[in-house]
Structure formats: structure tokens, C-alpha cells
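Next comes just one chain, in C-alpha cells: the form predicted on its own.
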């Protein structure tokens, strides 16, 4: 028997309502079927009550012990410590796997985000991609973005679905979350019955860096995402393709010999982080049976 409970987190950002709604519906279903695979928590309840992304700092950047020590009086830092204390892998109610549910204002569709190249993460991501055809964003080697929730567990993935506005309910997006959660419930049944599906290979989009909006000398944004880039997440761009449209209606182009695939284009929450979009490199990885052994 697999002895790895899956922690389902929704509301890590308090203005992302659809994951919370989906989890509430799913919990009713799992309670009715006496499912024991899952634990559920609302990540940031105070921010959720107020319809805010966070109160003090981003909860999904607060699971770094070094940064947390410097900000130990902030609500989200204390909340992160509480979550790990209650559901972390070393706690009495410990979970070994975590799934963090998010929505985005960018046109990411239904996608997965991985942080680093852990075998356990690859296993779950490969199965979900094989089943649903989901693109996978591998976020690594970015010193400006650390302390993500899933990094505090031995295995963890982020599910991102969009586009949807902040503080807006969308029944289609709720249903997409439910489909994925129901599949994971069946997947755990399959693992316990030695039915371990794994494709031969998987495709990932590896983080290469992020760019800000163009700004004037006073730091004000003075260019918009180019119309050719709007709703074009995961679509390849090459040297000379337009990225922004400036205040004089002139194109600002992508200049590089390397082709890239932009993601999180125009994500509203990233404006404060000075990110207009992130660039990725497409990579194909051979799947390994070692991932299964590592997960079990």
C-alpha cells in the first residue's frame, strides 16, 4: 500500500476563487466515498476573506526558511510555518505529496508548474501530461523567485488554469480542477493496485528568465503587450518577432538568436514583480522507471 497522503492546497492566493470552489465540491464527493488519500487546507484564509492576493507578502514565496527568518512577524510567513508544522512531511499528520491549485489571468490553459528536477515530481507530471496533454513549465535557477510552497514537500506540483480574472468565478475552470482531482484519486487507486502508467517521454518548457514591461525614466510602464503576443502563451517566437507596442505605436521586438516560448504573458499579479512575461526553452525528457521507485 502507498502510504503517501496528498495535501490539496487552494486559496494560496486569496483572490483566486475557483480552486477553493473546486476543492469544496471535491471534498463533498470524497467524503461521500470515504476516500482517505487526501488532506485539504485553505492556504491563506485571511486574504481569501478580503479578496486579496495576500496581506503582507506573497504566501507562495514564504516557504524559504532564510527569508522567513527576516520576516517572521509577517502574517504569510507565520501561516507558511503553520502549514508546514501541521501538514509537512515530518508532522504527525504529514503529507509526502502536495498539490497547489492556482488560477492565472494569462492564457496558460490548464498547465503544470514544476520547481526543480525531482524524480517524484517528474513521475506525477509525466502521468498528468500523458493523460491530459498539459504543458509543463519547469521553473528553476531563478534567484529572484524562491520560497514556493511545493518546495517544502518531497513531492509537489502546481496546477495553473487560466485565463480568468482575479476574484471572478468561472464554472468551466472549476470543472477543469474537478476533472484533475478525480483523476488523481483514481491514480492513487492504480498505484495501490500496481497499475503504474508512464509514457516513454515528456515535454517540458524550461525557465530561461523573465522580462519587465518597458518603462520611462520615471519607472512608469510606457508600452503594452503587443497584440501578436496577447493570448499566445506556449507559442514559439523567434528573432524579430514583436513583444511590445510602445506609446508611439512602434514595435519593440524580441532580439535573440535563440527561439523561445513565452509564458505567463501579461499576468496581472506579476506586474508588481516587474514581470511582463517569462521565456522558456522546450525540452524533451525520456521517462524513467526509476521515477516510480522513487515515488513509492
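Given the structure is predicted, the values throughout are model-derived calculations rather than measurements. Positions refer to the first chain, counted from 1.
There is also a form predicted in complex with a further copy of the same chain; it is not shown, and the following applies to it.
Although the partner is absent here, residue 287 is not a contact residue: none of its heavy atoms lies within 4.5 angstroms of a further copy of the same chain in the model of the complex. The closest heavy atom approach of residue 79 to a further copy of the same chain in the model of the complex falls outside 4.5 Å. Interface residue remark: residue 226 is counted as part of the site for a further copy of the same chain in the model of the complex, having a heavy atom within 4.5 Å. The closest heavy atom approach of residue 230 to a further copy of the same chain in the model of the complex falls within 4.5 Å.
Per the 4.5 Å heavy atom criterion, a further copy of the same chain in the model of the complex is contacted by stretch 260 to 268, the sole one of 260 to 268, 234 to 242, 38 to 46, 54 to 62. Distance criterion of 4.5 Å from any heavy atom to a further copy of the same chain in the model of the complex singles out 213 from the list 213, 115, 188, 75.
Just one of 141, 168, 131, 85 comes within 4.5 Å of a further copy of the same chain in the model of the complex, counting any heavy atom, and that one is 168.
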